[in-house]
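What follows is a single chain, given as structure tokens, in the form predicted alone.
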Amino acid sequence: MAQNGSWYKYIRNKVIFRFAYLYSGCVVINKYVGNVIFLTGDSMQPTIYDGDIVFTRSYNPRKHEINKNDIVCVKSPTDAGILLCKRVALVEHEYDNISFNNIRPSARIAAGHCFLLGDNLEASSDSRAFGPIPMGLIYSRVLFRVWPPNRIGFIEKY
């Protein structure tokens, strides 16, 4: 390094700017492309197991469409700090013929809502407990599994 305070310019250019570029890139990728999410719980077995790491694509209701049987991560309707991973069982305007304790008769799913179910029905807290959820609570759509190595690949649909 040269004399006369050039160490400050060196640190600024090499460390601070590189960190700022890296951080900005991560924020843009996180917002517009997708996320890597660590999943816990057994509500989606046998499709997704406890400890799987998945790549998800960010969801924007104006740009993307959610289809029946997509696996999505949603903000919990009961606790906004928790993300739930569930399969879309019914989309808007479809009829809810899913019986759960024979409490609710068949109903049509409202516009802008979807009905979510876990693949492991016995261990899942899903729309059977809290009803159809607004599409605005969908955070992302699961695309593929990145961990564990022996099961890397796209998530299959039923």
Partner chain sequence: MSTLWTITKIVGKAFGIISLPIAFCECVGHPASVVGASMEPTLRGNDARWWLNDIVWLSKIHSFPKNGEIYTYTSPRDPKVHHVKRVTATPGEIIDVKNRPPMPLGPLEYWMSSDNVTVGQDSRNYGPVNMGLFQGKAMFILWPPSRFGSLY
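Positions refer to the first chain, counted from 1. For the two forms, the rigid core is made up of the largest set of C-alpha atoms that agree within 1.5 Å on superposition. Since the model is a prediction, treat every value here as computed from it, not as a measurement.
Omitted here: the form predicted together with its partner chain. The next part is about that form.
- Although the partner is absent here, residue 112 sits close enough that one of its heavy atoms falls within 4.5 Å of its partner chain in the predicted complex.
- At a distance threshold of 4.5 angstroms between non-hydrogen atoms, residue 13 is out of contact with its partner chain in the predicted complex.
- Of the heavy atoms in residue 61, some are within 4.5 Å of its partner chain in the predicted complex.
- Remark: residue 95 does not count among the residues lining its partner chain in the predicted complex, judged by a heavy atom distance of 4.5 Å or less.
- In terms of contact with its partner chain in the predicted complex, the residue from 36, 121, 28, 107 that brings a heavy atom within 4.5 Å is 28.
- In sequence order, 134, 135, 136, 137 are the residues of 125-140 having a heavy atom within 4.5 Å of its partner chain in the predicted complex; the partner itself is omitted from this view.
- In this overlay on the rigid core, residue 17 has a C-alpha that sits 2 Å or more away from its partner position between the shown form and the other one.
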